[in-house]
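The chain that follows stands alone, in the form predicted on its own, written as structure tokens.
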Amino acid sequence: MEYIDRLPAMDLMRSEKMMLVQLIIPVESAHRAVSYLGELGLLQFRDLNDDKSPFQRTFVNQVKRCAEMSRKLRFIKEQIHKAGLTPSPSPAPQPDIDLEELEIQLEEHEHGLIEMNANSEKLQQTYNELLEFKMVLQKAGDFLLSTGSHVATQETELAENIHVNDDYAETSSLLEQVGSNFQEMLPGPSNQTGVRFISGIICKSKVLRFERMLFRTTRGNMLFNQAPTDDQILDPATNELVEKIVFVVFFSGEQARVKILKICEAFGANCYPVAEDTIRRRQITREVLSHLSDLETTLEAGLRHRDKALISIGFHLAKWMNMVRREKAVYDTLNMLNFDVTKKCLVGEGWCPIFAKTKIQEALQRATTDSNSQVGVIFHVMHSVESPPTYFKTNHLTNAYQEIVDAYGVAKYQEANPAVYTIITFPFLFAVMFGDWGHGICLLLGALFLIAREKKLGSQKLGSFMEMLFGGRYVLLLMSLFSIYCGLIYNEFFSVPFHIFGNSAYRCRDTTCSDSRSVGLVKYQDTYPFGVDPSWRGSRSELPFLNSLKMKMSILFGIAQMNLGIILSYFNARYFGNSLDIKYQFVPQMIFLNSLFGYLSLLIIIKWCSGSQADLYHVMIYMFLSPFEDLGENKLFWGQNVLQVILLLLAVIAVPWMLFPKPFILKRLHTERFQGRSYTALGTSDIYDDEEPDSAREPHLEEFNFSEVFVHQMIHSIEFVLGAVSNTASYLRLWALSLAHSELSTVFYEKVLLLAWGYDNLVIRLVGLAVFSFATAFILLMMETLSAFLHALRLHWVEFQNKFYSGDGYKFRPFSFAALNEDED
């Protein structure tokens, strides 16, 4: 044990040692001190004003000002993107600007942009109206000309078909009135009996409903003509081009005119007056074209002026946004400090790593000097009974694995970190399920591509899937390397075996091993030096052999990883000085697990080494049913019967060993405490496990409840006993997924690629190759990768980490400008 204590500490094994510090900062240097601490990013402030609402805090007005400036900057950024411009920093050095000056400039810029947008919208609306008027004049004029040319024909047809009776005079159709009164057709309220018309323009998507409504409202007494416009019209509201239809409605009567106008208003149709006189229409058209030309010139000049203003602002936009973001973060942090009016200082508390103490003091001293303060910042280390935050220093490689562990739960302060072992065990267990060195090479190429373009991709805004893939690039790298290693052991390259390490140790007894009725393979030389012998592939005994190999291998890996988890619980208990957990949890758990499943692992290894034909299922089952029965041909070594009885007794003893001693010892110690006896307080995890991260870590001795502690220990013991069985069985997923991956690869290779290659046709071969490539890429490389990843994740979170990892801590989140992002504007 002394040797272990003398070993150098591992950075990632336990979180950084933290300390609670108190800062007493003069008002004149408070802003600068917090800014320097934000640049350093090594101090997590505690909120000392948690009982106050955001509107009751000291610097609420400054926060509101920063929020308003952020809103204006977002508005300017939206205008730049809307105009199709790209904001880029100025190549020339930019002069520093004060926050008050920036606030004035942003107010001016926003007011100017709003005014320019309003003028542009008005001009665009006027331009659209004139453009619509021009189109209505052209199309409606064509309608009127065609109607006038057919008047004589219509009058003749109507005269021939008139029926002289009393009813016809009352129900004469609109078409008759068009023929008889076309000369009197003038729009306006003065003509009450003649046929009149209304012309306008409407969106193409509304024209069918519009016509149907007109027909029903006028009971069919109207004539509706329509024609599509030649050009699309820009909608200023959506800034999109819209297709529109010009229409002319012929009707009779003032009541119909009022109804039609109301329907036009309801459907958003714009109505324009059109003169019947051809000369007058041409004159109006010329005037409209002249106005359109002037408006186009004005609009282009306005857009150029606005784009010029936006480009000049865009040079400074990134700097201004970063400045406002930082200022808001500083004032939000200052609101977490206590303001003492009498002493003219701010009092703050926070957590920082011990190694950062000197850096923080230097930053505070620099803030005092730069602000010309007569009084320095007081830096005081406090004693705390609270649980400190957890902080691990990670790099590009270890960060992804730490995130995998933190997704389950953040480690308790100074608790053993599973990420140290996850770096190796996670990609290895993935590769056990995914083992194929052809597929592994494909994953390796993808990982190397992401790593090679790390700087470029890291500075870009990626999609959710690509961002997840880029964040796990080093996980993907190790998974691919281990997949190549396991693929070489399985001797599978897209399910095809190769004689990489020499000739096979077996020969076929018959012509083909798969068709033989007797034993297919006969060993004639030394064992294949590395991995699975390629002769097993395609033989009659391939599947039983690989099943047996992978199933036993999965059990060995599972028992080894669960033992590692229990051993880590010993180091946790030893580090925290908890002797009860060592004696009454670690020891019986190791005995129980290894008495049963450790013994099974030993039998597997002995069977492999000796080449015995013993049935391990029979051995393990009758170890419980008939422990004293002779094993017969299933006996693997001398003294196996006696050893089985001893291991079975140890497993039975280990269960009450886990259950009873610890609760009664805790009760006795609690009783001694109230009798005034001196002893050392136990740091057992059972007393403090239910506390919140921010609560004071004080022993609630008066609240000790023996029944609650006993039930908790009983649940923990039952969970471990049942979990030892279920977790061992859970590791068989390594065998199942490895078998599924291998069989899928074989099916795609034999039933798609080889089948297509059997035809002497280039098209069929290309189709077969395309289907094989698609299946390999999307099923084997994407779906199977995701499946193996999730199963490896489950094995680590449940089967491994539940043996030692509480995961009830909270992350160290220092105040840092580097952690700010655009979403916090």
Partner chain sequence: MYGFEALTFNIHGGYLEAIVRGYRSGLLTAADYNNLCQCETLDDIKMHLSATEYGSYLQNEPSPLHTTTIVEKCTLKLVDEYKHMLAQATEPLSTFLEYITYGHMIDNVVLIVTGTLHERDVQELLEKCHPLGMFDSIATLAVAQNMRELYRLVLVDTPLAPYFSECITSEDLDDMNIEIMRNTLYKAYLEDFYRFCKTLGGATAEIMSDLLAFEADRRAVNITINSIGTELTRDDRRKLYSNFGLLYPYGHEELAVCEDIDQVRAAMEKYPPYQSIFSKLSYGESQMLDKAFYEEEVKRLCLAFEQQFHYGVFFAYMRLREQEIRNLMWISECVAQNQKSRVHDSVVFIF
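Whichever C-alpha set is largest while still superposing within 1.5 Å between the two forms counts as the rigid core. Because the structure is predicted, anything quoted here is derived from the model rather than measured. Numbering follows the first chain given and starts at 1.
Just so you know, the form predicted together with the partner chain exists too; it's not on screen, but the next bit is about it.
Considering only heavy atoms, tell me if Arg794 and the partner chain come within 4.5 Å of each other in the predicted complex.
Output for Arg794 is no: heavy atoms all beyond 4.5 Å of the partner chain.
Just checking whether Val63 would be counted as a contact of the partner chain in the predicted complex - the rule being heavy atoms within 4.5 angstroms.
Contact with the partner chain, yes.
Is Met213 a contact residue for the partner chain in the predicted complex, using a 4.5 Å heavy atom cut-off?
Output for Met213 is yes: heavy atoms within 4.5 Å of the partner chain.
Closest heavy atom of Thr217 to the partner chain in the predicted complex, within 4.5 Å or not?
Taking the distances in the predicted complex, the answer for Thr217 is yes, it comes within 4.5 Å of the partner chain.
Based on heavy atom distances of at most 4.5 Å to the partner chain in the predicted complex, which listed stretch, 23-31, 775-783, 754-762, 51-59, is the contact stretch?
Among the listed stretches, the partner-contacting one is 51-59.
Counting any non-hydrogen atom inside 4.5 Å, which residue from Arg507, His712, Arg281, Lys259 sits next to the partner chain in the predicted complex?
Contact check passes for Lys259.
Looking at Cys271, Cys203, Ile263, Ile451 here, can you tell me which has any non-hydrogen atom within 4.5 angstroms of the partner chain in the predicted complex?
Of the candidates Cys271, Cys203, Ile263, Ile451, Ile263 is the one lying within 4.5 Å of the partner chain in the predicted complex.
Quick check: Ser459 between the shown form and the other one - does its CA shift reach 2 Å or more after fitting the rigid core?
Stays below the 2 Å threshold, so no.
Once the core is superposed between the shown form and the other one, does Thr390 show a C-alpha displacement of at least 2 Å?
No, shifts by less than 2 Å.
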